[in-house]
Structures are given as structure tokens and as C-alpha cells.
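What follows is a single chain, given as C-alpha cells, in the form predicted on its own.
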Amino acid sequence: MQIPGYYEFCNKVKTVSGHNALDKLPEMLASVNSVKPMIITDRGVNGAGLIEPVKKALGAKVKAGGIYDDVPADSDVKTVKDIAAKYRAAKCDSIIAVGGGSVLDTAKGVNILVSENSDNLMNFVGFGALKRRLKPLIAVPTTSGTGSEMTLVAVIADHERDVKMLFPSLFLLPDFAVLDSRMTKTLPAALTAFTAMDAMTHACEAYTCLSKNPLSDSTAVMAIKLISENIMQGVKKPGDMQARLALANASALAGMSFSNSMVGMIHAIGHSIGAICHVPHGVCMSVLLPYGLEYNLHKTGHLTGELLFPLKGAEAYNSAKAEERPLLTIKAIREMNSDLRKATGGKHPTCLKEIVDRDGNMMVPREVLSDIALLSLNDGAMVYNPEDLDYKDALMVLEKAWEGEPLDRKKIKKGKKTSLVKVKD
């Protein structure tokens, strides 16, 4: 139950941001008395040569206890257990996680097991399961989207049960977040697009969901502004290091925001699509963002309207009437997705049926929408959504998102509390 006027906000991650931020790694390790870190990454990151600047930054004084580069696209419990065993065998004393959301979440899971001297990650599911500080963790993101370097949550899959489990705890916050523009320079255009839209979704849901607060609002708004101003430049001109750094900062700000305000139905449905269809999380977020904002309009239209300012700037915001701003915000997001689809040669989807694998096969067939809708109702993110959803609601949203059609808002008849402004159709 929410207490009016009361909120909590915590982010104790020391952020080091800049074009050569990795150079500070030895100082970070020394400050936490670490001499033998394990580097956790994936084959893509290692293959792109992104571990080399990390090793170079460590220099001769610090020798990594090992490099694990086989983290899968979806962090899973078996991988976490395997890495923890290698960490213990090498007698490591800290973790440097270099990668995207899966790598960072995997590293958090490993840190739970090695710190708690356990082999069963299931013992630590849910709030309050962790009781003490974990071993040092340095997060070096290679995408600008998940914000995991700033979050107190790890999302780890159990593929045998087709579920993604949440491990929330303040103890999971990394000790350091290193935002170095060099680490996202090789990110392909499509990955740049949907990871940035992942961060955009974090910020938008943080600003409109039930546990929003003044501090999470401020970080969300700045994240949206930075993404809006830099996303197309980052996609079209990947060598623009200023744009790369701006998107990295935006992702961290959005992570800081939603880690303290939580998210809602967009993430609940997105988690379920990922669990059943194995679609990358950022892709799900890109497609679902306008639909979540639309569904919640009658309760949070005034908040959605406020987002027009960081999205389109002061002139666009001031020239629009209050009742027009919510739909203009959603329109701007849809236009952004369409522009990104053009800029990536059709690789950035605008609806669920456009999501394909490397062989061009549809990843979200229409016949699984009912399964996704059912699974999403049990996702913890639903608790923080401004409006309730039942199975029919979730399925309706999914069907419209599959086709790429706007929601029929006249069919959304719920809502004991309405928006502060009447949204103009």
C-alpha cells in the first residue's frame, strides 16, 4: 500500500563516465581490496575485441583470475552455477562484468552464489532473501539500454520451466559502473536502436508507474531527453563518440530511475514474450512501449503528456494543448520506431509480427499470444502498473501490438481514477 508523500530512493553505485573511463579500473579494484577479479562476458563482446581495453586498463599489477566468455543471450541458472564454480576454483575475489543485460544479470547471480557460498540460486528469489553485502562487482556495459549497471534487480531465466525469475535486493547494486564510450562503438545499428528504446521504456514506465517519486522522475526525464537527442545520431553515425557516451549516460539514468520506481505492464508482457519466444528484451520494449502508454492513458494521461517536453522539446510542448499532449507523446514514440526501422534497413520492428530471427522466421507467431497473455499476469511488474489487466486486456494489447495497430481506447472501460486532463482523440 502506498503512503501519500512517502518514497524511498537509493543508488549507491559509483559512476565513472567518460571516453577513457576504463583507465580507472585499477583504482576501483584497489579501493575494494581486490587483486584477482574474474571477468565475465559473452562471445560477441570478446570477439569484438572489447575485453582487450579492459585487460590493458588493468595493466601489469592486476591479473584476472579468469575470463568466462560463454554467457548466453538469456541469463540462466545453469550458467550462473557454472561460472560460480570456476570463480571458486580460481580463488577470485571480485567480478568485472563486461557486456549487455544478460552478462550483467549473470554476474549478479554469480555474485549471490559466491558471496553466500551456495549452489542453489533459488534460495535467493524475492525481496529480503539477501541479508548482507556481496563481493565487489564492477559493471562495464557494452550496450546502452538495460541499465543493469544501476539496478538492484537481476532477471535470470530457468529455461526448463520457461520462466524468468526476479532477484531484487539493494545488495545487488554494483560497486562501480564504468561508462566508457569505446565499449559501445562496435554496436550494430539495430542493436543500438532497440537497446536505446529499452532505456526509453525504462524511463517512460518509471515516470508513469505507481511508485514514481521526485528523484526517479528527474533521472527519467533526463534519460528521455538524452535518448531523443542522440538515438538517430548513434544509429546513423556509430563513430560519433559523443552520441555514444550520451546514450550510455541515458541508459544509466533510466536504470537508476526504474530501479527506484519500478516498471509496469510493458515489462510484464515483455518478460513473457522473452520467456516463451526468446525475443531479446530491448526488441520487446521497443514494440510495446506505445501500447502500454495507450492502455494507461485514462489514469496517467497527464504524466504521459508531460513526457512530450523531453521527447520533442519546449516548442512542441508549449504549442500543444494539455489534452493533446498525451497522444502526441505516443505519436512521437511511434514515429521514432518508424524512423529507426528505416535507418536500420528494416531490422528494427514496429510490431510483433515484424520480429524475425536471423533466418527471417517469425519469432512471435500469433497462436502463442494467448500463452503470453496468461503468463504476463503472474509477472511482478504488473503490481506497479497504474491500471489493472486481466487476461482479455493483455490479449487485446498483444493482438494490437502484433498487427501494429493503435489500441481502441473506447474498449478500455476500467479506471476508478481518471487522468487530470481529458485526452483529446
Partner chain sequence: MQIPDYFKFFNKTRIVSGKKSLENIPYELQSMDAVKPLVITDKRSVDEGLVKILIDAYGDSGLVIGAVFDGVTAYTSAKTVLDAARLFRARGCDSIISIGGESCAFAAKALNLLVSHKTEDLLQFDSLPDNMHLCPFIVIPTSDSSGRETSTRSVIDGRIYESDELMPDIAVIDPRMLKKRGKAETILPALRAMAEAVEACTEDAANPMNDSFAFASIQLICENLAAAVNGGSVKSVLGLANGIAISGIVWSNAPEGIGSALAEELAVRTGNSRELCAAVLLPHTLDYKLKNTKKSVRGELLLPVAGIDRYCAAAETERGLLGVEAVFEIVKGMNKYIPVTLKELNIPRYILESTAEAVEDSFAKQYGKGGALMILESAYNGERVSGGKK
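All figures in this text were calculated on a predicted structure; none of them were measured in a lab. Numbering follows the first chain given and starts at 1. Each form is matched to the other, and the largest set of C-alpha atoms that superpose within 1.5 Å is called the rigid core.
Another form exists, predicted together with its partner chain; not displayed. Remarks below refer to it.
For its partner chain in the model of the complex, the listed stretch (198 to 206, 252 to 260, 343 to 351, 326 to 334) containing residues with heavy atoms inside 4.5 Å is 252 to 260. Residue in contact with its partner chain in the model of the complex (any heavy atom within 4.5 Å), chosen from Ser218, Gln233, Ser118, Thr186: Ser218.
Interface residue among Val287, Ile95, Met150, Val98, judged by heavy atoms within 4.5 Å of its partner chain in the model of the complex: Met150. Relative to its partner chain in the model of the complex, residues Lys36, Ala90 and Asp158 are all farther than 4.5 Å at every heavy atom. Contact check for Met222: a heavy atom falls within 4.5 Å of its partner chain in the model of the complex. Its partner chain is not shown here, but in the model of the complex it comes within 4.5 Å of a heavy atom of Lys14. Contact between Arg409 and its partner chain in the model of the complex is not found at the 4.5 Å heavy atom cutoff. With a 4.5 Å cutoff on heavy atoms, Met362 does not count as touching its partner chain in the model of the complex; it lies far away.
Shown in the overlay between the shown form and the other one, fitted on the rigid core, is a CA shift at Glu294 smaller than 2 Å. Glu116 shows a C-alpha shift of 2 Å or greater between the shown form and the other one [criterion: core-superposed Cα displacement of 2 Å].
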